[in-house]
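Only one chain is shown below, in C-alpha cells, and it's the form predicted on its own.
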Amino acid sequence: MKTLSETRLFGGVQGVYSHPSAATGTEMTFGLFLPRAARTGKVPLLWFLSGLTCTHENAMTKAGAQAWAAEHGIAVVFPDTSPRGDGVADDAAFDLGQGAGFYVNATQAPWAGHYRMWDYIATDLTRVLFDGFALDEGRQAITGHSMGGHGALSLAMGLPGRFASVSAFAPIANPTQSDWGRKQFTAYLGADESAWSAHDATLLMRAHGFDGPVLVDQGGADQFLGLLRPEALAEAMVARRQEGIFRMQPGYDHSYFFIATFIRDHIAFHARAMADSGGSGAGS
C-alpha cells in the first residue's frame, strides 16, 4: 500500500492511499478518514460508495462527512467506483465502464477481466483496511449515493451479518427495471436476467430484507427519479415490515448539496447502530 497524501482535519487524518488489487488486477485508490480516537484504539468503520462518474475523491471532498464522523469517533472509507488504467475496458457513455462499475463481478467480455467491484469491496479492500489501520472489523456500516446507494443496499443484504446498518442517498433502487441497471447488467452480467436479482435492492428487500436498520433519503426534485425508482423500494420495505425509515425530501435534487444537507443524520444513524452492535458478530 502507498500513502498518496495525509491531511489533518477535525483532529483526525484524511488519507488517500493506493494498493494493488487482486480482485480487479489493477492499482486501486481509496480515501480514508481516521478520527482522533484511532490513535489509541480501533474505531468503527462507515463505508461510503459513490455514484456514476465519481472517483474516491468526490464524496471525500463534497459530502462533508468528516466533521460528523470525528464527532462520533468513526472512520469513513471512500473507495473508487471502478478499476482504471491502461488495458481496462471502457465505454464512451458515462454510465458504463470506468467510473461505472455498479459494484458487481462482471462475467462478460470485455469487462470480466477487471470489473470485479463486488469482490473488491467485500473482500479485497476489506482486508487492506483491517490489516493496515486501527479499525474494528466487528463494527461496520455502509452508505452510498445513486449507483453507490444501489451498491450499499445490495452489499448489505447480500452479506448478512457484515454491516450493523445501511443507508442510501437517492439510490438506484430497482435497477432490473431501469435503464440505469438493465443496460449495465446486460453488459456486465449477460442477458440472463436471473443473474441480476442479487444486485437489485428492491428484489432483495422483497426476498429477505436486511438484518438491521435502514435509512433512505430521496430528493423530491431529483432529476433522475424515473431512473431511480424509489417507490419500488419503499413499497418493498413496507411489505417486508423492514426496520427502517424512507424520507422524501421536498425540493432537493441529486447533487452533493443534497448529500451534505443530510449526511449528519446518516452518520448519527450509523454511529448508534454500530454502538448497539457492541463489536460482536457484525464482521463475521
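Residue positions are given as counts along the sequence shown, with the first one as 1. These figures come from a predicted structure and were not determined experimentally.
This protein has a second form, the form predicted together with a further copy of the same chain, left out of what is shown; the following refers to that one.
None of the heavy atoms of Ser255 is located within 4.5 Å of a further copy of the same chain in the model of the complex. In the model of the complex, a further copy of the same chain sits beyond 4.5 Å of every heavy atom of Lys62. Using a 4.5 angstroms limit between non-hydrogen atoms, Lys42 is distant from a further copy of the same chain in the model of the complex. Contact annotation: Phe30 falls outside 4.5 Å of a further copy of the same chain in the model of the complex, judged by heavy atom distances. The stretch in contact with a further copy of the same chain in the model of the complex, judged by heavy atoms within 4.5 Å, is 241-249, chosen from 44-52, 66-74, 31-39, 241-249.
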